[in-house]
Structures are given as C-alpha cells and as structure tokens.
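Taking the form predicted on its own, here's one chain by itself in structure tokens.
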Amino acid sequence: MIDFIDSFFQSIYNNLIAGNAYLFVLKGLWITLLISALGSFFGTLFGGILCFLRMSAAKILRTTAHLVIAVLRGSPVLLLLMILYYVVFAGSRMDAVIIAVIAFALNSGAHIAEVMRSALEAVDKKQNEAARMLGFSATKAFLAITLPQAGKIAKPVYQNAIINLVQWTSVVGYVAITDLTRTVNTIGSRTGDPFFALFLGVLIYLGISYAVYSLFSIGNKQEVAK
C-alpha cells in the first residue's frame, strides 16, 4: 500500500510538477475550452440560420439547407477539420485554432439545426394560431408562444450536442494544435508514464462535461423557480 502511494505521488510529480508541466496542461486546457466555447457559439448561430432556411417557404432554400445539413452531419468532424486545414486554408496564414473553430462550428451547426427544427415542429401549431386570433403578430406569437416551448424541448439534445463538441475537440492535434489531449499525451511520452497522464486527461474532460451539465441544470432550476 505504501509503495502504491509513493508511486502515485511520484507520478503526480513527474507528470505535473517537474519542469512546470502543469503550465503546459493549463495551456492545453485553455485551447480546448477556447475551441469548445467558440465552436458552440458560432455553431449555434450557424444552426439557427440553417434551421431558418430549412423551414423556409422557398423550395430552393429548403433544398439547399437540407443538402448542407446532410453533408455536414454525414462527414466525420476529423475529416472536415483536415480538409479545411490541409486543402481549403492550406495556402493561407490563418491560425490553426481558428480553422478548428470553423470546422466544429460547421459540424455542430448542422446537428443543432436539426435539433432546432425538430423542436419547433413539435410545438402545437394551434397555440400559435390562437395567439394570432387574439391579435398577436406572427413575430410576437413566435417569440412568446413557440420559441419558449421549443427551447424546453430542444434543451436536453442541445446540451448533448455541446458535450459531444467538447469531446470531439480532442482530435485537433491532427492539425498541429496543442490542446489538452495532445499535451497530456506528450507529457506521458516524456515521463514514460502514459497511463497517469491520459487518465488525468480523461478526468479533466469529465470535469468539463459535468460543468456543462451543471450550467444547464442551473437554467432548469431557475425555470422551475419561476
């Protein structure tokens, strides 16, 4: 037991303290959080635009949006990332982190668009019609009646989409980005103790995931309180 404890603390020292390795872990964590946050934000905006086009009265807009969503949803995010980095922006000086944000925004936006569309279509249209009969404009009826209910329906799936985005950022090392996964993998290779370093990475990703769950839970509690 004593040997195990000694070995554990030695692993902590070797992987986190020696050579200020914890600073590299924090830097990698920051890159992961940055890509996740910006990818989620712009992915949500892009998803909203795609959803609007997908539900448009114009057939050409619906068809175009449907095709874009199908392509982006059906393409592995890693391949999309590599196409953008090694082909589309190969001749540019654009930072790899920005390219990664674009890739994750495109991929997550396609999934979020379908989440939004499904939630909006799940709301009873008769409620909107009743609001219009009471004098509500189309915009006001949508904002006051349809959107709040659609938001509640979409929230659990949207939450999972954000969690998936965070987890998928672990592949950005393929385009020379030193994120959390690449950092802990490098440290594990350097110390010859890959299990501890990778297990540490898993714990950090779990922490991020549960932090996202907690944020959504706070929102749920506030809604219940109202």
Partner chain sequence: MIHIQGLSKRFGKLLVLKDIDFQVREGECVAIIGPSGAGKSVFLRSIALLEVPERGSICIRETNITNKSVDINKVREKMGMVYQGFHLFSHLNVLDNITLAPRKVRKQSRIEAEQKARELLALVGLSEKAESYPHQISGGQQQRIAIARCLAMEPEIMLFDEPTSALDPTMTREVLAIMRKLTKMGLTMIIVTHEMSFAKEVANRVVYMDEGGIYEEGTPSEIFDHPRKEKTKAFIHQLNVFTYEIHSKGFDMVAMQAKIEVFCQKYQVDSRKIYHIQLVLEELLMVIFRKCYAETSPDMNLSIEFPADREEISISLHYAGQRFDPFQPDMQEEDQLGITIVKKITKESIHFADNGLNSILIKM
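Numbering follows the first chain given and starts at 1. Since we're looking at a predicted model, the values are computed, not measured.
Only in words, not in the display: the form predicted together with its partner chain, which the text now covers.
Though its partner chain is absent from this view, in the predicted bound form it lies within 4.5 Å of a heavy atom of just one residue from Ala119, Ile145, Val97, Leu80, which is Ile145.
Annotated contact segment (heavy atom within 4.5 Å of its partner chain in the predicted bound form): 135 to 143, selected among 105 to 113, 135 to 143, 83 to 91, 70 to 78. Interface residue remark: Ala131 is counted as part of the site for its partner chain in the predicted bound form, having a heavy atom within 4.5 Å.
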